[in-house]
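In the form predicted on its own, a lone chain appears below as structure tokens.
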């Protein structure tokens, strides 16, 4: 439903996004994840025909965003980071206005409005001026306008910004319920959000795609060892040394609360059964034994730090060249 190929956007000498390529299948929910300033919003604006790409192609539902913008806009619902609401209108007036712009009339418009008011909990405020609503309610109104015409593609830029914890849970559940019937691309810098609602993650840093996969597969690709957490009630002084002798255990870390150990083990090897047997046989008082997986936050930090290191290295490498060039020019003059 969404296909982005080698898209680049430049503003003068500044490159906002650089050869970005990814796709979103029908019915899939994709997280577009990156730190602030990474290029998420720029990519969204190109997909919604708000601005053209400098290079590359972007298609939504088979229509080219640069050459067929009206066809693209008919098939998307868009919630930008700042909700596009008219504060001098009531919620009902605004949704009716948006529905008419989308070509909804009569009973179809009334039914669509009722559906979104119910789905997003806007009933108590539907006759109030939008300008008098809280940030959370304005965000809900913005999401309602994106869903009003039941589009096959939803593009949501930071959809839970400004919501309280209860509202965040409700919006996440709503987004998950849309999977299968809608293709959703969700931009966020909130890591738990990506894990909670999305089947696949695209990580962007410095305007470039640095990873694309499911959170579990990204974790598996980047981890270099298996980690096991062990808690003992009666750990002897030589427990770490004896744990180190277990086949597959590479290193044993201590330093936390007494009786707590972190075991780094060979990748792909599960040592929990043997660790548990040793602890029980020696009456160490086994309290807890569990495998620790690499979180999306770990993946995100590892990838973005790597990209930042490359960018800084490139900049540092360029500075001596620039200095040498300047020196040459000075000596020549």
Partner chain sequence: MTPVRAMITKELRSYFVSPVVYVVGAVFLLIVGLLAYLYIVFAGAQAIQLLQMHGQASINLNDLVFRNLFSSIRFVLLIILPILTMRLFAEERKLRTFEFLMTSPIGLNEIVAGKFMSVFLVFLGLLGLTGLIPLTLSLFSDFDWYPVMTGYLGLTLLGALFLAIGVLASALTENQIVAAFVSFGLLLVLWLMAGLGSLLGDTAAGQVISYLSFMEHYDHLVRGLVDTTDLMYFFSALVLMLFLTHRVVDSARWR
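Since this is a predicted model, take the numbers as computed values, not measurements. Positions refer to the first chain, counted from 1.
Here the subject shifts to the form predicted in complex with the partner chain, a form of this protein not shown in this document.
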Based on heavy atom distances of 4.5 Å or less, which listed stretch (173-181, 247-255, 98-106, 188-196) is in contact with the partner chain in the model of the complex? 98-106
Which of 216, 88, 164, 150 has a heavy atom within 4.5 Å of the partner chain in the model of the complex? 88
Answer key: of 51, 280, 301, 287, within 4.5 Å of the partner chain in the model of the complex (heavy atoms) is 51
Any of the heavy atoms of residue 229 lying within 4.5 Å of the partner chain in the model of the complex? no
is_contact(residue 74, the partner chain) in the model of the complex, heavy atom dist at most 4.5 Å: yes
Quick check on residue 236: any heavy atom within 4.5 Å of the partner chain in the model of the complex? no
Using 4.5 Å between non-hydrogen atoms, is residue 84 touching the partner chain in the model of the complex? yes
